[in-house]
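Below, in structure tokens: the form predicted alone, a single chain.
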Amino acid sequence: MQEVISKTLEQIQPVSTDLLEKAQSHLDMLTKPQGSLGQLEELAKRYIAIRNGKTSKLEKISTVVFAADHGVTEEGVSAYPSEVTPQMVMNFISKGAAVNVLAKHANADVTIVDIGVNFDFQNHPDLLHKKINLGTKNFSKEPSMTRSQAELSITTGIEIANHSASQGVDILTTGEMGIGNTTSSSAIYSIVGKMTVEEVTGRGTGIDDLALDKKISTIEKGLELHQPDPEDPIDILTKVGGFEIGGITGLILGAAANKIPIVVDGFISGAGAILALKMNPSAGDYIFTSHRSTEKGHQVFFDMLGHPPLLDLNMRLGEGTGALLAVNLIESAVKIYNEMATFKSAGVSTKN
């Protein structure tokens, strides 16, 4: 597992500045004032450069939804019981969730991954079975997982990204499901962002003030107990993380190693992303943001990445919903790059 992670980290290279400049030159020749399409131009430029300067289309879209349970839910930190995790997994499989609706709209494939749900799905044919354990431990009392389990969760994400590359996927998007995962994510944001737990912790699935206070104190207890090393992302994941968060970390690293653009969803996916950025900052060249979550700590991710959110719709669902909405913008930007006329081809006079 360590070898797979190390090899993947070594393969990640910054996106070529020459390719970025060439893409920008093409955008400047299109029949519009330079820069007039704002962030759409930035999206197109980055996508084309990531894909090695080819005027590639955005046809094969793949959403990966990692599902896992969290032992910390026994502390009363969520508005929903933990049995909702496997129930929602079945809803994903039945194509009844928001992520399914938006994936259909975006013409995207959806892969549901059981990476640590506390339920036996008995080898369901429409589920990718990668279960590491029946949920994590309660990190307010003991580490969430072992270091080897943390490494396995990252490796699982890398392997899925490698498979996606072999299948010719043009762009990946992240998604997750796991009752209690905003608690683990808030702990990660607090450590990496060097902020207090209160500054980064929100209401998750909609908890009341009493439960929010409990959530904050639970995270503080776990951090005080385990003292995660802020410079060791795998140690952070081991002590307070979740299997789905590790899976997202690996998916991002694997996408970057394979030069596949990847759209990061909301708060929980952002937690996986900031761990990936700690492991190799160049992975950020391949990340596209989607939306700003209503969870308070999400800004840590945008600050680390250096790109603002594309959307701000007061969303906090997760699943990959925001990422799929953003894909529509990226696809539109790439179509502009590929299909819009240049001043020369259209016979339009250029700027004086």
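Don't overthink the numbering: it's just position in the shown sequence, from 1. In this text the structure is predicted, and so the values were computed from the model without any measurement.
The following text describes the form predicted together with a further copy of the same chain, which does not appear among the structures shown.
Within 4.5 Å of some heavy atom of a further copy of the same chain in the predicted complex lies at least one heavy atom of residue 80. a further copy of the same chain in the predicted complex is not approached by residue 7, whose heavy atoms all lie more than 4.5 angstroms from it. Interface membership of residue 225, defined by any non-hydrogen atom within 4.5 Å of a further copy of the same chain in the predicted complex, is ruled out. Under a 4.5 angstroms non-hydrogen atom cutoff, a further copy of the same chain in the predicted complex has residue 335 among its neighbouring residues. In the predicted complex, no residue of the candidate spot (56, 138 and 287) has a heavy atom lying within 4.5 Å of a further copy of the same chain. The partner is absent here; in the predicted complex, the one residue of 165, 101, 195, 93 having a heavy atom within 4.5 Å of a further copy of the same chain is 101. The stretch among 44-52, 64-72, 299-307, 27-35 whose residues place heavy atoms within 4.5 Å of a further copy of the same chain in the predicted complex is 27-35. For the stretch 330-346, the set of residues having any non-hydrogen atom within 4.5 angstroms of a further copy of the same chain in the predicted complex comprises 331, 332, 335, 336, 339, 340, 341, 343, 346, in sequence order.
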